[in-house]
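Just one chain follows, in the form predicted on its own, and it is written as structure tokens.
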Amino acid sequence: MDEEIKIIEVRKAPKEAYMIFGFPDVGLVGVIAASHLITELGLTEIAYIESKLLPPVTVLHEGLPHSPIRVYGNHQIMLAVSEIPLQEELVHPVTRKLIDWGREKEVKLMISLSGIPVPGRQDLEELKVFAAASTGETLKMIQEKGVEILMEGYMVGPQAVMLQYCATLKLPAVTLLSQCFFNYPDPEAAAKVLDLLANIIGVKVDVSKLIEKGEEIRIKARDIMRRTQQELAKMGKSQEFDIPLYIR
């Protein structure tokens, strides 16, 4: 199935960049964060995914059609973002294709931006961000930056595939998970994960507008949140609330 997915480059992609993933998930943390990064850093489209396996959807921006899954970038960042929730059967091939492409570009670190749903989210004044990594060396690097590690648990969805596939390939990869709402767009959680991302990659990102426009973002994101919930249910996303057996 991977062969049926093509990455079409429209601009020269940078070498040895950070590759970031922002796909629809709980709280839409990754998508909201990715959209803000594109605007704040002035990232331009450098590639897009083309495949008959994708639903017959095109995204219109300023009257022009775009693939719903695109890669934006500059000289030091490549950002893969999807404006549609990935169907369960597409999560593995799409994620693997992007990682293989990033590997060809010799990316130095892959980072997935996502959320971790927490009961009583509305009562939390300060959100925590947790991390998991693909290798012991990468985990140590993240710990040295003061990031709290998610020691035990489950992951479901694109970020789970990214982390596991990178571990298999021995590629350095990190998943950043901000505490968030399960089924409600959470721009505050996106801002929190961007603060940590900025610390890791050394790029300044102003998140003040993200906080100020929180309600506007929540309203705009309602439809994609609903569709995302439907796909997450098929993937068994609620399993992330479970506690795994301790098996070494």
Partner chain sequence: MSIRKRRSIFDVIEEYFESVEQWMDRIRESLIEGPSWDCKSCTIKPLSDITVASDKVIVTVDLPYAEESTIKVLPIDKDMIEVTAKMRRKISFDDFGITHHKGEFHTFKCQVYIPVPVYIDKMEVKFKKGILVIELPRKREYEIPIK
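Only a predicted model underlies this, so the values are computations on that prediction, with no experimental measurement involved. Residue numbers count along the first chain shown, from 1.
One more form of this protein exists, namely the form predicted in complex with the partner chain; it is left out here, but the text below deals with it.
Student: Looking at heavy atoms inside 4.5 Å, which stretch does the partner chain contact in the model of the complex, given the options 149-157, 69-77, 165-173, 116-124?
Tutor: Heavy atoms within 4.5 Å of the partner chain in the model of the complex occur in 116-124.
Student: May I ask whether 215, 220 and 230 each come within 4.5 Å of the partner chain in the model of the complex, counting any non-hydrogen atom?
Tutor: So, yes: the whole triplet contacts the partner chain.
Student: Residue 48 versus the partner chain, in the model of the complex: is there a non-hydrogen atom within 4.5 Å?
Tutor: Residue 48 lies outside the contact set for the partner chain.
Student: Does residue 11 make contact with the partner chain in the model of the complex, using a 4.5 Å heavy atom cut-off?
Tutor: No, residue 11 stays farther than 4.5 Å from the partner chain in the model of the complex.
Student: Using heavy atoms and a 4.5 Å limit, would one call residue 17 a contact residue for the partner chain in the model of the complex?
Tutor: Looking in the model of the complex, residue contacts with the partner chain do not include residue 17, since no heavy atom lies within 4.5 Å.
Student: Do residue 199 and the partner chain come within 4.5 Å of each other in the model of the complex, heavy atoms counted?
Tutor: Contact with the partner chain, no.
Student: If you apply a 4.5 angstroms heavy atom cut-off, which residues in 172-189 are near the partner chain in the model of the complex?
Tutor: Heavy-atom contacts to the partner chain in the model of the complex: 181, 183, 184, 185, 188.
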